[in-house]
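In the structure tokens that follow, the same protein chain appears in two forms, which are kept apart as structure 1 and structure 2.
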Structure 1
Amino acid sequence: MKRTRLAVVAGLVGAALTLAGCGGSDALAPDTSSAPPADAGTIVVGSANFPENVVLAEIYAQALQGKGLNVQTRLNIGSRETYIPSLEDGSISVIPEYTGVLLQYFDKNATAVDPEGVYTALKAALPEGLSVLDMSSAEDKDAVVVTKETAEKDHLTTIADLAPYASQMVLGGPPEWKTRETGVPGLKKVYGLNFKSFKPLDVAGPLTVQALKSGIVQAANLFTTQSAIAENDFVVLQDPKNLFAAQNVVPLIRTDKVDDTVTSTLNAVSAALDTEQLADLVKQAEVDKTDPATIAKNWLASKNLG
């Protein structure tokens, strides 16, 4: 089929670009370890190319630096398809990741949905040479969100609480939610929710936010750490039955970089972080346009981790 061929071509081009990128940057950056064992003391913290991940990487980097380790950062690398190979070839040592999507990356057939199950499956699925440290309770995943007024009026804290009200509520979300298992059908099957209707909007974009804000929909699909949530005082409903697979923040690290200091430092960061704080950090980066390094510094100081 044509699409397959296209995908293969795209993959090859992507791989070529990745290789070229790595080779080039290694040659041009004398400070960076061209081969991992060369200066084994240096930890290179990488990040994907979106603000939340950059802030997390800054937090990792500054926390490790605070322990007297030699740390470098390589931020905004790109997508998972780009930075996992960089991790494998030693261009970076550690990167903030998310359990659910990372598991899917290494095991397309993974079925685990709860945080512990995903974490266990992830550890088993990781290739040789890569490890994960403790996961944080902070998650960036699909969520059903309501306004503060709705949450207070109907005493809503979890998706299950919607049961008596769903029939009078309009749900908004991306078009694929209409048929996707982790969408309208899943909400019906797992939580028994029959919404009055479903409005196909955009993928947690401005239309969805505006529709929820102005009351055109009463519940909407957003992502848990999206800045629009903090900005508009939206309430993220808990997902006790794990309809949406867990996406806990977790450091993905080269096994040869793991030692007691690194482990205890990053585990302390993961333990101190939760979804609400992460959402606030994202808001600082996206809405207040604060420099990620400053955000990380302030947060670490507030947790006595700096």
Structure 2
Amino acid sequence: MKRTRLAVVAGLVGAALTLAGCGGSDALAPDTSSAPPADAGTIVVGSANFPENVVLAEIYAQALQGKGLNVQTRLNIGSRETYIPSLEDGSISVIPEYTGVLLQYFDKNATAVDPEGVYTALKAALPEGLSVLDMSSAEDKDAVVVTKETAEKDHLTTIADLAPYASQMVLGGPPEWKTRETGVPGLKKVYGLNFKSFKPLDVAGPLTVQALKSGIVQAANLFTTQSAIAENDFVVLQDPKNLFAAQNVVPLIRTDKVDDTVTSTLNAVSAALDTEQLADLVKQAEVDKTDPATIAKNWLASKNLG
């Protein structure tokens, strides 16, 4: 019976993967097409391939449009490894980012962990041609998450507590977690964890949630603002060694697109957003299934930024 049940669950997850690959939702279908550099007078706002980042990109785009700028969007581009080159070649102009993981991308030996320290180090680590504007107090961190049952059975409260059990556990996360410093390599380097295997899933999305619920994986990467954590009684394991540094929302922008209007507009967005609001925006996208453009419009109006 157990083998049959797991086979059925695995089949459902596989089917979901197929649907995701086919772009079952236009709003969440990755934009994998190549694009020419943006015109000098156009701001192209990009996003990563998960709902929160899409909503933030819509907020940036609509705020800039409200200032009379010519704005286009290119949403669901993919992972950082995909969209950073798009910034560098000019096919996108700006994207919502997260300070800690962005710092790790450009400086794998970075040691800063607090918000101001990470932000200062990030500005120094950026390559020529890229800049960050003001960071927001809003933060969404990577996390290692387990079910409540697993946490209680194995007495897990921190990532370090996984050490006696990791060799019997499958870790789930986005494909890039296999090689990222804040993924499998970092968990081994910082915490000495050697998992039984790593299962590539989606970016903290429904495939990851379902795989964790069903037992296909026993630990997974989710984001701290996600509604799925509370809804499923998942347990976020504490990170006492700060593998995951501060991850404040910040606009990453091509330096040649920075001017007074763009700077003041996006800095105002960053100043108005906090972590509680960010979690609510995520809930609207993931649970209520509200269109990201509508979420952005309503939030901007509530802050008199539309």
Partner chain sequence: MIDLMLAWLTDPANWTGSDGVPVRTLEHVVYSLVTLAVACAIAVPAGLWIGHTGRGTFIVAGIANGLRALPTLGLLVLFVLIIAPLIGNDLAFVIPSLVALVVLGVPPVLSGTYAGIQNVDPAARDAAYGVGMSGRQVLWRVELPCALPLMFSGLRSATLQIIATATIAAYVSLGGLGRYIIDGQATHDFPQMLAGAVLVAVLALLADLLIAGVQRITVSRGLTGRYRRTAADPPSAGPVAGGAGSEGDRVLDPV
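We call the rigid core whatever largest set of C-alpha positions still superposes within 1.5 Å between the two forms. Residues are numbered by position in structure 1's sequence, first residue being 1. Being a predicted model, the structure only gives us computed values, none of them experimental.
Between the two renderings of this chain, the form predicted alone is found in structure 2; structure 1 comes from elsewhere. Annotation: rigid-body hinge motion between structure 1 and structure 2, rotation of the minor part against the major part equal to 59 degrees.
For residue 229, the Cα deviation between structure 1 and structure 2 after core superposition amounts to 5.5 Å.
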